[in-house]
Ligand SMILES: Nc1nc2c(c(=O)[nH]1)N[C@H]1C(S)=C(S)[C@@H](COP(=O)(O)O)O[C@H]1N2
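So this first bit is one chain, no partners, the form predicted alone, shown in structure tokens.
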């Protein structure tokens, strides 16, 4: 097979009932590395995860503490805004909805800004983070997540274009109002639904 190929089950649906290959996408077995700026080199010993903003109490986790949270394995597809999609990768990590059980949110918390080592940010409504299978992923296909793909941990958002999941994630800021993240400030869609081809503003 070539680098890019047609999806064999183009008419089938994924695990949440949508067509597997979104419009304008091409299926691939490759996993291109697309990153703005340098790759942060963060070890598990250095890694720390924080939550702040519209919370009753700010909280921090070390790597070991985060690994004690409930772990979920998710087989799902990955859609890049640059027109390629991968299918059936196995991701393992902590679901947002499991993480947030350990955070006491204030009533005005409506949005979530993901913050990454290196300064990258991206935003999503709290409702979407809760309703969808947003995963803090540390393992890909049974192996530690490669550094170039966001290791030791990235956010995986299977129902959105991939830039909506921050690589090298270091924390979440809960906010009362929405504000755009890095790519959203630079012309990319605020909603990023691949099945509606929401690539740009």
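Positions refer to the first chain, counted from 1. Small disclaimer: the values here were computed from a predicted structure and weren't measured.
There is another form of the same protein, the form predicted in complex with this ligand; it is not shown, and what comes next is about it.
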Candidate from 34, 48, 55, 67 lying within 4.5 Å of this ligand in the model of the complex - any heavy atom: 34
Residues 97, 100 and 172 all lining this ligand in the model of the complex, heavy atom within 4.5 Å: no
Contact of residue 166 with this ligand in the model of the complex (heavy atom, 4.5 Å): yes
In the model of the complex, residue 126 touching this ligand (heavy atom, 4.5 Å): no
Heavy atom of residue 148 within 4.5 Å of this ligand in the model of the complex: yes
Exercise: residue 113 in contact with this ligand in the model of the complex, heavy atom 4.5 Å: no
Interface stretch in the model of the complex with this ligand - options 100-108, 113-121, 127-135, 69-77, non-hydrogen atom within 4.5 Å: 113-121
